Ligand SMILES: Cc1ncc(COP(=O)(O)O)c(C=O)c1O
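Just the one chain here, laid out as structure tokens, in the form predicted on its own.
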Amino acid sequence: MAAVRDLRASEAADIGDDAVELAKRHLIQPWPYAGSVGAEARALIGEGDGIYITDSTGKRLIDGPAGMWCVNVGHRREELARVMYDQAMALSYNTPWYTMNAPSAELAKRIAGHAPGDLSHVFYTTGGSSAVETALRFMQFYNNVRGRPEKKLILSRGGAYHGSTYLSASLNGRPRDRDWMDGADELVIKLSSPDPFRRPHGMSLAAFTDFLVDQFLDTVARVGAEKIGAFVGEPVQASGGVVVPPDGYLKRIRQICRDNDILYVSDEVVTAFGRLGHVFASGDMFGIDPDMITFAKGVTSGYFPLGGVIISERLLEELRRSNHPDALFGHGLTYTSHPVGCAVALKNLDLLEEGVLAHTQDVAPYFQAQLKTLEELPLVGEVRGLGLMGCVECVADRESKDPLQLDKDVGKRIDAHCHELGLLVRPLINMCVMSPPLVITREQIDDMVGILREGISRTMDDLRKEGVWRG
């Protein structure tokens, strides 16, 4: 048996070596730097099982980011794989231009049943970027049909991440995202990030909330509500560092949008389908009823590319009552309403409803409490999060809250140590983001936090030895 295991390990290593070389020769990775574009290989993952993945060396790792915020029900769920196979054997594809399939209609009904307010209709996309792009193009179409061609500006925020397509990427407000990339800057107005940790020194949370709301009101007054078509915001800014807004902020912004006929687009690409313990967080967690909600990622737990936009019945009715019944919403995707993706999403929703959502709500407080213990470490400025989303932000000085000026890649250092110890981390400059599969247990949370603690401790030792940080 030992010989067999050695042989398998050797074969896996050979396959891994081949993949690395092929990637360096032929594969362009996402978000590459010019100096290595088309000539790099990244950590090769061979298998996944539950909350774990296995790399090309055979090392078993806790999947801290759940893929990319998406493997919500865990890896290797036979139920999802079987549905994928069965649907592909029944109907692998149909053109959405002049035909439809049953899974997409059934899924739309069930999604509408979980959505807040009068959000009742779903347009399917292939992912989060195309979902946000669709919402923005619908806003433009909606205002054109209603005779308001000038009402097209979009409000976004610092720290936001909304995608990689042209319009969606134009909304992004994270450092480095737009340094070398073009965007529709003439259409986008950026507001401050609702990050309580970075609020001005000495300002209370209540005063910070008032500042954000006043800035929004002032912007509407200055620009003119007649020119602003939409506000797009994540309930929790995910890739911006799991920024949880202050209490009441989202409700107040929603009311301003309603008062000024500005469409409120809640970007739930990350927070939907269980990440915060609910199918949608907008209504259940934050008490708001947006005009549109975008979703992706967890809708299929990453087993198939699928996303979408849920649209208010009010908006559709206004279009149907307009004086332009022949106006065409000239927007669609080859894989809109894909039957395999929708079938997988239906089964994934079953799993969520039948226990995963309840489990998430049960373990989330423990997850947050255990992560919070890492604030004992001198390098850690703040631990924050909600549901099964968490961020450990490292700072050089807790008083000034300055990120490490001499080492902007501290997150990568922590990730490297954690990888060696058995945990995959999502490093974001000086932050470590954690969003494990929702099926994680308390014991596995202990393992994850223990490894992260050791990884940060080793990084502190490295920084001290290099003279980058004294602690």
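Numbers follow the displayed sequence, beginning with 1. Here the structure is a predicted model, which is why all the values come from computation and not from measurement.
What comes next is about the form predicted together with the named molecule, which does not appear here.
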{"query": "Distance check, residue 234 to the named molecule in the model of the complex, heavy atom within 4.5 Å", "finding": "yes"}
{"query": "Contact test in the model of the complex: residue 209 vs the named molecule, heavy atoms, 4.5 Å", "finding": "no"}
{"query": "Residue 161, heavy atom within 4.5 angstroms of the named molecule in the model of the complex", "finding": "yes"}
{"query": "Contact label in the model of the complex: residue 338 to the named molecule, heavy atom within 4.5 Å", "finding": "no"}
{"query": "All of 239, 267 and 297 within 4.5 Å of the named molecule in the model of the complex, heavy atom check", "finding": "yes"}
{"query": "The single option of 194, 128, 390, 302 touching the named molecule in the model of the complex, heavy atom within 4.5 Å", "finding": "128"}
{"query": "In the model of the complex, segment of 146-154, 365-373, 120-128, 308-316 with a heavy atom within 4.5 Å of the named molecule", "finding": "120-128"}
